[in-house]
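What follows is a pair of forms of the same protein chain, given separately as structure tokens and numbered structure 1 and structure 2.
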Structure 1
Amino acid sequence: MMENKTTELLTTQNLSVGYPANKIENVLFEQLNLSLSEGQLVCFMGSNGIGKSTLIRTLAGLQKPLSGKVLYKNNPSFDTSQKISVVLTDRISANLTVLELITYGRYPYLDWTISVQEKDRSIIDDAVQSVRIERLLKKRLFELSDGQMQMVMIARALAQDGEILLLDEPTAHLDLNNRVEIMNLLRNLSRSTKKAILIATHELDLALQTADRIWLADRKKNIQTGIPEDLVLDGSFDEIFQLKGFDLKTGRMHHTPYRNTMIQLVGSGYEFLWTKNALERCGFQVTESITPMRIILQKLGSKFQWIVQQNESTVQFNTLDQVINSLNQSIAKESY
């Protein structure tokens, strides 16, 4: 069987990153040997203030490395403005229309006349269509919501047409729907355009479900790399984030039972998981073994039904809210 290899577009060679402070180098990362490959979405994660933005800016050529090299296809000398597109966290306040801002993405390719050619317009149109913002083109930037502004910035980066796209916290301050939309958009773009896309993000749940690879920054000035599942299973995420009360391996909050009631839960599917979540959140201990109290999940068409059996009584409920209220009333009676 032939191995499916991808082309490495951006690599680092013994790269050290940081900034000078009072004539002393403040080193954030050192001796990094990383790579970004075509068609891959990579999420860059780590604690607040660890240096993710500084590394993004260094890879983009906006900040000089302390030592080492950034290479494009093994070449240390390349035009970053044509090879690398960047979306930073800085909000642009210029009095521009959306179309004017996106057009700025073509400036690295224009001659001294600064005139946009038909090819440039075609690339701009493709970028606009990729992020589906045709309706926003005539709006001024100050009229945009945060989510719309992020979409426009991604379109500008796509219009720049670099093979490498670097984004610093593109989902910060957005609601869940916009965060999911942007992460899905970037994942699909990496597939359809074969770009190498790197996102610095705190969206742990979304990164685990969308990224091809993870860069995980630790406190030892190093970056661990791997596919999300490996870094979960080997404990790397737990070690770095030290998650409190959240079990990353199951993707669930840890609930400490505060009732002495064991409940046997019988069922399957996502309704089973959400019922278990509701019971554990309310302090009950859930098991699949036989107990005096049993809850059976039953699906009737598109609706669910919960059958609660205790001693010799059987009661049916149409919502989990009713189930929880009934259990609370039963426990209250037993306490008298």
Structure 2
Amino acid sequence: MMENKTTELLTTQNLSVGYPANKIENVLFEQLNLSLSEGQLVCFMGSNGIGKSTLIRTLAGLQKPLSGKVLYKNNPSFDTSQKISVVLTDRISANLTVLELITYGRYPYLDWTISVQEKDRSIIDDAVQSVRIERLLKKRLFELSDGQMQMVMIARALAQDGEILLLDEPTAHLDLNNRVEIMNLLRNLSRSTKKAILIATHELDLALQTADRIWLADRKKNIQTGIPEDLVLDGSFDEIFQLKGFDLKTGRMHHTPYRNTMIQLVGSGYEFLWTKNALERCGFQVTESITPMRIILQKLGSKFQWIVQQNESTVQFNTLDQVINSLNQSIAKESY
């Protein structure tokens, strides 16, 4: 296999992570040999409580490893505050403005008087611009929505200007728009700034579509790595997440056809897929071969029409909701 020519920024050497206790050590991960390369977006996945946050804190130097080392460009002793920036799950309750919080990113470079210089200001401006939160700068933290708060925390981390960015569940509690926005932002940052970005996340679908590599924490205190597609195809995801009723290879929920009705669906495009989705969700079995019941999909301009043919009767519907309702009624009649 060809080795990528990107530089490895952060590597771990036989790293064991966990909490020391008096009698028995609580080991979460053992003997990890991982690496983060510049310009690479890595999504770190695993079930709750498996130790994702602990590993992130250990990589960031906030917690001592049980054994092994974290190296920056093969150097074990480096100033983590100038190389690694973090976005953690810790809540911040202080009464600060957005600008004040972002300025904290410059602390590793300031002396005890914390006087911000021209250079620091331009780095803060760049961070604010790349996250596009100019209009939030004067707001106070408690006035922000969860999504805005995460953007501000990312801007703070960017102002710290580390080559490595570690984020612990940056999209938790956010709606789909915000989740996609943040993943896109991080995706673009890794491309444009050449930062190495590690995101601990539960967003399987977003991770599979944006990550350059996946770190997958398994139950044997180990982490499997690879590009997303390889890990899907070799079944690693299924093994770890034990996805119940979800077929990752097709990206769909598995539906049991609990109604003994076959429906022939005629149509194409994404409207075909969504109609199929609705029918299967309601327990019908969808086929393309000829059956007594047939649904024909028509597109009229930007609108759709469903024609349901059954026992020589033909009915037209304008929404899928009506289609499903009518199907349910006709089945109820039959069984009556």
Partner chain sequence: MDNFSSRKAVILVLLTVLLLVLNLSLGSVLIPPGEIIKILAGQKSEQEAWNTIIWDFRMTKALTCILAGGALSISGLQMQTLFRNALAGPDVLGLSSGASLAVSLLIMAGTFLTPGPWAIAIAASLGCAGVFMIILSISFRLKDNVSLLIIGLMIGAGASSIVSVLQYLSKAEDLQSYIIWTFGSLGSLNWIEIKILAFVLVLGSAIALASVKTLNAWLLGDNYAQSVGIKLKKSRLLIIISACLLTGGVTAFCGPIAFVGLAVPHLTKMIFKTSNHKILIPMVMISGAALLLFCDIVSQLPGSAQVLPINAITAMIGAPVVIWVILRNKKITV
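Since we're looking at a predicted model, the values are computed, not measured. Here, a residue number simply tells you its place in the sequence of structure 1, counted from 1. Note that the rigid core is defined as the largest set of C-alphas that superpose within 1.5 Å between two forms.
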{"property": "Correct structure when looking for the form predicted together with the partner chain", "result": "2"}
{"property": "Exceeds or equals 2 Å, Cα of Glu288 between structure 1 and structure 2, core fit", "result": "yes"}
{"property": "Large Cα move at Asn14 between structure 1 and structure 2, threshold 2 Å, rigid core", "result": "no"}
{"property": "Post core alignment: Ser93 C-alpha displaced by 2 Å or more between structure 1 and structure 2", "result": "no"}
{"property": "Once the two forms are fitted on their core, CA shift of Leu320 between structure 1 and structure 2 in Å", "result": "3.7"}
{"property": "Once the two forms are fitted on their core, CA shift of Gln298 between structure 1 and structure 2 in Å", "result": "4.9"}
